[in-house]
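A single chain comes next, written as structure tokens; it is the form predicted on its own.
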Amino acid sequence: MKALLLRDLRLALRAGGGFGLALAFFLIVIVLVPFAIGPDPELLRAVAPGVLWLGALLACLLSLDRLLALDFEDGTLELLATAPLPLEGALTIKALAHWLTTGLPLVIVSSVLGVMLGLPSAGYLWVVVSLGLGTPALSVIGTFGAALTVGVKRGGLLMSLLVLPLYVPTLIFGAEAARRGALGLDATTPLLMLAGITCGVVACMPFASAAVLRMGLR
């Protein structure tokens, strides 16, 4: 499992997949928002938590099409399906590698980019905490979408259409937790809901991903 994780990390960094592309896209979204809605500090402060969350979600989505594509092209997925390591475990490792190269960097830079949107100082911690709790769910759900469309030509658009509805609950509770925290309100309830969604997804979704991947490889 450790060797698989290190291999996927190296591939993500070398192939130009999730790491730099996701960060660049996240930065572009945050930079363009003030040009689109105007420089009003109060308006930017109000929308900052939601914009940061939406940018992180789209940045994660952008890197999903290469999550399993390279392994499918070189035959690695067939080997993983017949390896002693359960396919559910292998897909969990791949989701972890995706989060380490995409989700975690977004969490780290989110507070810095929040300055560009005038995010209140009280909201920095809440944005980082909510993204830290929610982005693992985005990676695991994205792995399910990648497994569902693996081998499909130009399946990136189809995967986006399948994954985006599954992302909505995470986006709702994550953005609400960040918004409440930025306003100094109690954010316990949305944070607990967000943590519950992440735990449920991490516990159940790898089995669904493995099932659809086995069907796709037949």
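Note that the structure is predicted; figures quoted are calculated from it, not measured. We number the residues from 1 along the sequence you see.
The discussion below concerns the form predicted in complex with a further copy of the same chain, not included here.
Enquirer: Heavy atom to heavy atom, is residue 73 within 4.5 Å of a further copy of the same chain in the model of the complex?
Expert: Yes - in the model of the complex, heavy atoms of residue 73 and a further copy of the same chain come within 4.5 Å of each other.
Enquirer: Does residue 182 reach a further copy of the same chain in the model of the complex, with heavy atoms at most 4.5 Å apart?
Expert: Residue 182: no, not in contact with a further copy of the same chain in the model of the complex.
Enquirer: Could you confirm whether residue 22 comes within 4.5 Å of a further copy of the same chain in the model of the complex, counting heavy atoms only?
Expert: Although a further copy of the same chain is absent here, residue 22 would touch it in the model of the complex, with heavy atoms inside 4.5 Å.
Enquirer: Taking a further copy of the same chain in the model of the complex, which residues along 44 to 78 bring a heavy atom to within 4.5 Å of it?
Expert: Contacting residues: 46, 47, 50, 51, 54, 57, 58, 61, 62, 63, 65, 66, 70, 73.
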